[in-house]
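One chain comes next, on its own, written as structure tokens: the form predicted alone.
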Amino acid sequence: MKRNIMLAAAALLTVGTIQAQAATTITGAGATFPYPVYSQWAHDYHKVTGVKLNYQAIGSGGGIKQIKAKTVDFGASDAPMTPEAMDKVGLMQFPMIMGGVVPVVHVKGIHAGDLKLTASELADIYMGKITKWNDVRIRATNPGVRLPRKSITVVHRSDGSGTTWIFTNYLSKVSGEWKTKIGNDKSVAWPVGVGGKGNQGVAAFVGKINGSIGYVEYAYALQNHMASVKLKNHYGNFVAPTAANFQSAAAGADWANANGYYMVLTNQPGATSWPITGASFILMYKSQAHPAQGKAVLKFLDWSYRNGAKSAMKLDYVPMPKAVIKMVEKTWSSELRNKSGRAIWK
């Protein structure tokens, strides 16, 4: 049933221009991380209002490029822009949803939750230092699990990706060598592996290649019945990727004091916190050349904030707290203006 809904929503997002003339259409592009929940919200919002969303899930890097080029009404990125970078081009950002990035494996006989990895083991796999599934370190972390003497195929993103930004931000926090040699960005010089475009591309490669490991947004792991890995968190516990554990990581986020809503949720404290948790952000111009279109975007986002929590949780995302929503919408009123300087949201 969920698969049918998602396919219907995806078809809605790619509606042609002829159909778009029949009703208001808003456009966005960027992160694939929130695509499943944006698809569901678009589907539900269209049924209520007749307004369509044309959202291109092209990766956070592409979303930032398109909003800078003013070819879409909003951009979407999982990598938060710094206040300085936004000020240079007149953008603002705000968090829309939170969720988890999840390592997934395709190893014969290994199911979701069977395999545990420490932070250093995950980093060393992606640096090409651990190359076999029966490596002595992985076996020590997983007593009783039958691990084959098989080469590890590393799968990563090939496009500029906020999911990659979150993933490499985590690896940079837990591995000094990773931070020094590879770093944290939407696109990095991967030491090993094959690249897939979007969460979809990574999921497809992992699904095909026995012995592979990749990283995807959790909804993709669920929808594709992938074997997710348990990770050792900052507290020292091995935890599974669940909405409750994403919420635990997000619980301490101090959005009120986050300059320009710049917030990173990786490797957070807490006994059950999932260590690769992140928020996804919306990017809009402060000065709206087409204020009616800008207001239409805000109406969709406002509706999603207020009516989309249930569907978000069904897809294992973490909705924004009500206090943060109130804060964000206050920011809309103070920062989003038309050419005459009048607020487009009150």
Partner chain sequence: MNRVQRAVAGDTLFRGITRGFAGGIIVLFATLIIMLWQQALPSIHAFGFGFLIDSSWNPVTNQFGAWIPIFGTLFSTFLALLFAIPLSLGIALFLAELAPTWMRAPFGTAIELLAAIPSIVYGMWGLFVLSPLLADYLQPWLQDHIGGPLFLGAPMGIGMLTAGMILALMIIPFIASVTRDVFLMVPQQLKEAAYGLGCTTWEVVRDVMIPYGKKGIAGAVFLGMGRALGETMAVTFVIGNAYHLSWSLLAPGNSIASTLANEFTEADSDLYLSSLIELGLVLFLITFIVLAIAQWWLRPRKMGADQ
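Residue numbers count along the first chain shown, from 1. Here the structure is a predicted model, which is why all the values come from computation and not from measurement.
In what follows, reference is made to the form predicted in complex with the partner chain, a form of this protein that is not presented.
Here the chain stands by itself, but in the predicted bound form one stretch of 258-266, 193-201, 122-130, 238-246, 193-201, has heavy atoms within 4.5 Å of the partner chain.
No residue of the trio 86, 92 and 293 has any heavy atom within 4.5 Å of the partner chain in the predicted bound form. Within 4.5 Å of any heavy atom of the partner chain in the predicted bound form lies no heavy atom of residue 280. Looking at residue 64, you'd find a heavy atom of it within 4.5 angstroms of the partner chain in the predicted bound form. Using a 4.5 angstroms limit between non-hydrogen atoms, residue 142 is distant from the partner chain in the predicted bound form. Contact check for residue 182: a non-hydrogen atom falls within 4.5 Å of the partner chain in the predicted bound form.
Of the candidates 175, 118, 169, 187, 187 is the one whose heavy atoms come within 4.5 Å of the partner chain in the predicted bound form; the others do not. With contact defined as any non-hydrogen atom lying within 4.5 angstroms of the partner chain in the predicted bound form, 32 is the only contacting residue in 31-46.
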